[in-house]
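Okay, here we've got a single chain as structure tokens, the form predicted alone, with questions on binding and movement later.
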Amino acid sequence: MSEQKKTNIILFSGDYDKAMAAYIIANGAAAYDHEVTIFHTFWGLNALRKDEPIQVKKNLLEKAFGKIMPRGPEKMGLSNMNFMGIGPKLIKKVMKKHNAMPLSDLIEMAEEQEINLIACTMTMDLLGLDKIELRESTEYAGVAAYLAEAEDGAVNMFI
């Protein structure tokens, strides 16, 4: 009996298209029976944010980060051709026409496939994010825990 392969992805980017790529690869790897982990750090944490505002006590800088950062995956901008927010609307229209899954559906599929969605606790502290602001399926760990996971990975990616 062969050992299950591991795929590890660091999602650093907060761009809609890059997060989509990470989740497409993750779901594909899970379909090929890989154990998959997505480690969300810095702007990649926005993919795990809940859409609705959550009342959490924060200092001024943490409140500012909370207002500036997109709330939830469908509010994330594009890496190119963002055009002051028009680009994501256009790409979503094209995706719908071609029956491509939006990022929020890809995240739900990842949850169904039991992909490990990990939020970087150090970055959460830096950006003032609280656990209740993120999806319920989110796990929490620091970089050391991620590195222990990645050490045995057949595939390791940084997006």
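The first residue of the shown sequence is 1; numbering continues from there. Nothing here was measured: the structure is a model prediction, and the numbers come from that model.
Only in words, not in the display: the form predicted in complex with a further copy of the same chain, which the text now covers.
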property	result
Residue stretch of 130-138, 49-57, 110-118, 66-74 approaching a further copy of the same chain in the model of the complex, non-hydrogen atom distance within 4.5 Å	66-74
Any non-hydrogen atom of residue 62 within 4.5 angstroms of a further copy of the same chain in the model of the complex	yes
Contact label in the model of the complex: residue 103 to a further copy of the same chain, heavy atom within 4.5 Å	no
Contact test in the model of the complex: residue 29 vs a further copy of the same chain, heavy atoms, 4.5 Å	yes
Those residues of 95-122 which, in the model of the complex, come within 4.5 Å of a further copy of the same chain by heavy atom	95, 97, 98, 100, 122
